[in-house]
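Presented as structure tokens, the chain that follows is alone, the form predicted alone.
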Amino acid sequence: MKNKSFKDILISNAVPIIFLVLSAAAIPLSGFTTSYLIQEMVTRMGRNCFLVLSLLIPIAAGMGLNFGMVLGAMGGQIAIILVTDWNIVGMQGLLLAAMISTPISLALGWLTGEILNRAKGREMVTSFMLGFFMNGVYQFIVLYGFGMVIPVENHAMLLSRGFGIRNAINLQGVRQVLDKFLMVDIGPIHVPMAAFIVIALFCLFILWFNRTKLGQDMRAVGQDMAVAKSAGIAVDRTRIIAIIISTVLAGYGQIIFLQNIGTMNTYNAHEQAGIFAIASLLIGGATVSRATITNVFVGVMLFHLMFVVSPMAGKTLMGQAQLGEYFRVFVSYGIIALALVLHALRRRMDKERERQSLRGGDAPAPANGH
């Protein structure tokens, strides 16, 4: 039993352990100072945690990793484009972008939920494919809709042909508005307290939501849909609400992410947001069926620590920083594949353990009796 317990612990925490070992090896090779690494981690935590937190509610509802969160990111980006065109700057621009993003993400979340209810048991691959499909719709709107159907006053945002948004947009009007709203200096480290306050409020919302009837219904649906349905829970409606909440929050998270960066890669920023958020969550020790707030913070820190140190570590080892860039892409997709493999392995081990316990329970009593 001890060996099995150790094996279970090792499998459950394999991904965080791997990244801890890689980080411990790469940090000395990178040559970065401690203060620089701390500053980078603080900045990246404030930038990315909100996006990753938006994945938790669908996991609790048994819908796995919400690859459809990219639809919310698309809604956030369309809102940012409109606010930038209207030249509404500062905190007003950021809040207006969130307001515009809400109905767009809500509609996209409802669509995603309806589709996933018709693909029960295959939610992750379905949401992944749906993300590809809606990406085509988004590209069409941004490439042809803006300037032709949707009026654009700021012609500097348009392609030279007179319609379609440029590949990169300068978000100077809302650049680091949230971060600079309440910046606190702790020695050489600049801490964007406003961003962390928003993230803390989101965490409190999740903790509160889990205690509500709707949150408990979602957990019941996630554990067993048949039992939840027999208990009178509207399973399909509950699943749709989980996806809608996740999609709307992903839109807000993308706006927070973009205001920190200060520029927007119009045509693929949302794709990177989805993959990186899911990879971060899995690196933190989350699974397809269980994720916590702790997993979010641990995962974002480990994932982005490797992102920072891997190029310089690659340069030190091989003489080429580009190796670190390739490693980033490998990590982003490879860690998702590894997590899915480990999830399947855990499920198989759990089923085997159940079969053994049933065989033990059915075993005949010894001949010498009691």
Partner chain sequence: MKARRLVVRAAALFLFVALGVFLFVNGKGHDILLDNKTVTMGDQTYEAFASALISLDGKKAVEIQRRERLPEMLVGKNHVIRVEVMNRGGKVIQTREEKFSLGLDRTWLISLPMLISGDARWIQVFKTGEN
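Only a predicted model underlies this, so the values are computations on that prediction, with no experimental measurement involved. Numbering follows the first chain given and starts at 1.
Just so you know, the form predicted together with its partner chain exists too; it's not on screen, but the next bit is about it.
Quiz item: Does any heavy atom of Trp86 come within 4.5 Å of a heavy atom of its partner chain in the model of the complex?
Solution: Yes, Trp86 sits close enough to its partner chain in the model of the complex that at least one of its heavy atoms falls within 4.5 Å.
Quiz item: Hey, in the model of the complex, does Asn167 get a heavy atom within 4.5 angstroms of its partner chain?
Solution: Heavy-atom contact with its partner chain at 4.5 Å: absent for Asn167.
Quiz item: Going by a heavy atom distance of 4.5 Å, is Arg122 a contact of its partner chain in the model of the complex?
Solution: Residue-level check for Arg122: no, no contact with its partner chain.
Exercise. Look up in the model of the complex whether Lys180 has a non-hydrogen atom within 4.5 angstroms of its partner chain, and give yes or no.
Key: Output for Lys180 is no: heavy atoms all beyond 4.5 Å of its partner chain.
Practice problem: Look at the stretches 129 to 137, 149 to 157, 285 to 293, 181 to 189 and give the one with heavy atoms within 4.5 Å of its partner chain in the model of the complex. | Solution: One stretch meets the cut-off, namely 149 to 157.
Exercise. Please pick, from Met193, Leu96, Val298, Cys203, the one residue with any non-hydrogen atom lying within 4.5 angstroms of its partner chain in the model of the complex.
Key: Looking at Met193, Leu96, Val298, Cys203 one by one, just Leu96 meets the 4.5 Å heavy-atom criterion.
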